[in-house]
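Read the single chain below, which is given as structure tokens and is the form predicted on its own.
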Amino acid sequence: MRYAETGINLEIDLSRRNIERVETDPRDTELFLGGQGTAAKIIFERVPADCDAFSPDNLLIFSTGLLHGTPVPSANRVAVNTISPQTNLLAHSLMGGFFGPEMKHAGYDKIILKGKAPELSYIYINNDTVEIRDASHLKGMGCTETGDVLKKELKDDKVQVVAIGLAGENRVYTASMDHGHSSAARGPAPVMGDKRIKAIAVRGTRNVNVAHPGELFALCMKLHKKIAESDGCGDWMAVDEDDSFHHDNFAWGNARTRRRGFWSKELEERWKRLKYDHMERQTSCYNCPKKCRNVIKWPGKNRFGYKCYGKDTYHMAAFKELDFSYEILGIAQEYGLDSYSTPQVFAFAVELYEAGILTDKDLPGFPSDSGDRFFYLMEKVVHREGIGDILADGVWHAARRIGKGAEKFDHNTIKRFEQLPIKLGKLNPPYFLMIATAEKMAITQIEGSFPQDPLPTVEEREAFIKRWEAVPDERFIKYFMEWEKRNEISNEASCAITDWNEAMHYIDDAIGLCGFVSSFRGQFGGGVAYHMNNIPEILTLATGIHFDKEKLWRCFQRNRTLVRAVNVKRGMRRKDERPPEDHWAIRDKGFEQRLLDDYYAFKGWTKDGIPSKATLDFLNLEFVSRNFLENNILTGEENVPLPVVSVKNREAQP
């Protein structure tokens, strides 16, 4: 019997309308865990290096986490992977809510889509019933609207639906897919639109077996209580009205203008009233005691939900206030637009217009008010009309198609993807590594275990580490205690800290844990629910496979290296590993390159960022090393040390 997972992937060839239930290899569970780990393996083995994102041969994979459907609280994040049309690299996205656990209860670990449907369609899954159905009546509908219509059509309020809006249908690169106000962006939605799949509706009633149910349930009850009571779990921005951090420190407009001192207590009180006067409820994801999503009904607009920084992006890009975000979010979410990258695209277009690069010929009837301009641009982009057809491909591509100096306004993309609008002073070495070498296209999917800044006094640091239960190895305490200035930290520490940050995210992405109770919240000290010291026991009880901390760390190294290998196979090299030129005001290019050298060596990669044959074979990725040798990506003679293991076994803390 398979524990924690179903052992079955649902493979759907949309071109041939062929549906297969494929049994998976249980050895892959022990090696890659699940989620993004096994998805990356499938993409490496089955998607050719020269495959275009909009080719029928590209795969779109929805992966449950290994712990979905088990009693483990807050295990609900679906990994959605494909080749991104925007970056031509592996697209990685996460989506909360109930969709992943419902997939598991229907009997499937993954839904793998290949080919293209001849007409707009949706997929209906109810345990063993799997059908490709006509979706012509859903064409042009919003994401939430599509879900509501399908629930009525299927006469089942419990069916879980993920859908794209008009932006996804029209293959807008910054499109997202939505499931009950949980969204997956950064590449998968335009591929879903290209495959002509409007929605996937899933209903499942099967049990998910675990190896040691009594012990696991007892442990999970304690975790559930801890998550509920801890201020170190969940999205604090759902309830904390002080948002000075983003507004005073993040950049406004096209990621250029910092407005120091913008925040005030009067503003906070006014925005708090706006929020609670229009908030219908706060909602949770599957089996989670936290309510991180605020659901807002703005007069005359669609209902929408947001969490974290997502409520700020539109009004900060347009130099407006919270009421503007409330005006636009309901429409943007129904269209299926990513609220992190899309506002930057709009602000980029406004800058080009004000610089005379775009003119009234490009933007006929362009309004004078910045908010009205955003509504204007949104309609152009989602319909791919006029200049909107160019802007729909994101800032990097649009800048190069527009020309006439537009390239210099593209100052906040990495590997062709828009980043969070942060502009800082002195370089933070671990953050340089995380931003430069990221495979996930957003720092929030990399950072989170180690604090962003040192604490000023020894007493404060000592108080911090007393609650810092997530620390996997004592060396991180030493790094933290000796850290005096943000930009002054050893390369050894920078590499190890980056490695730990990555480890927690890659593990979460494989087993389905929400970063707000795990990988993202450890940087704030005590109270985090999941960490390297307790996840091995949870996995052992759930799967019946013995895990200890070192074995779990090896799973992370394997998955991280495999994702890197997918992108190396597609042509990514050291030359691509660079943050925006103005991300930090003070730069030392020589130091940055030495730091990159040390990081590559730490990982067991070549000077060009390619995992060596010795590293690949050490991590049981021989199928990758064979491919790299056959395609002359490696010679097999690279003299590279094996990757460093950044943990030593340490007893789990109570």
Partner chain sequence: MSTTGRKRVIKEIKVDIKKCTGCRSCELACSAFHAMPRFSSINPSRARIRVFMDEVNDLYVPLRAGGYIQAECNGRNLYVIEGKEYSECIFCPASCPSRRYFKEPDSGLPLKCDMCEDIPPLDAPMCVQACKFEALTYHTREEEINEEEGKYDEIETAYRHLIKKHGKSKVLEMFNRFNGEE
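Numbering follows the first chain given and starts at 1. Nothing here was measured: the structure is a model prediction, and the numbers come from that model.
The following text describes the form predicted in complex with its partner chain, which does not appear among the structures shown.
Discussion item. Is Q160 part of the interface with its partner chain in the predicted complex - any heavy atom within 4.5 Å?
Written reply: Q160: yes, in contact with its partner chain in the predicted complex.
Discussion item. When the contact criterion is heavy atoms within 4.5 Å, does N209 count as touching its partner chain in the predicted complex?
Written reply: N209: yes, in contact with its partner chain in the predicted complex.
Worksheet item: Any chance F98 has a heavy atom within 4.5 Å of its partner chain in the predicted complex?
Response: Yes, F98 lies within 4.5 Å of its partner chain in the predicted complex.
Worksheet item: With the cut-off set at 4.5 Å between non-hydrogen atoms, does G65 touch its partner chain in the predicted complex?
Response: Outside the cut-off, so no.
Worksheet item: Though its partner chain is not shown, can you say which of K415, R574, H105, K380 has a heavy atom within 4.5 Å of it in the predicted complex?
Response: Filtering the options by heavy-atom distance leaves H105.
Practice prompt. May I ask you to choose, among W252, W263, Y286, Y376, the residue with a heavy atom within 4.5 Å of its partner chain in the predicted complex?
Written response: Checking each option against its partner chain in the predicted complex, the one that comes within 4.5 Å is Y286.
Discussion item. Using a 4.5 Å heavy atom cut-off, which of 491-499, 337-345, 357-365, 219-227 contacts its partner chain in the predicted complex?
Written reply: In short, 219-227.
Worksheet item: Which of the residues spanning 71-85 lie within 4.5 Å of its partner chain in the predicted complex, based on heavy atoms?
Response: Result: P71 alone.
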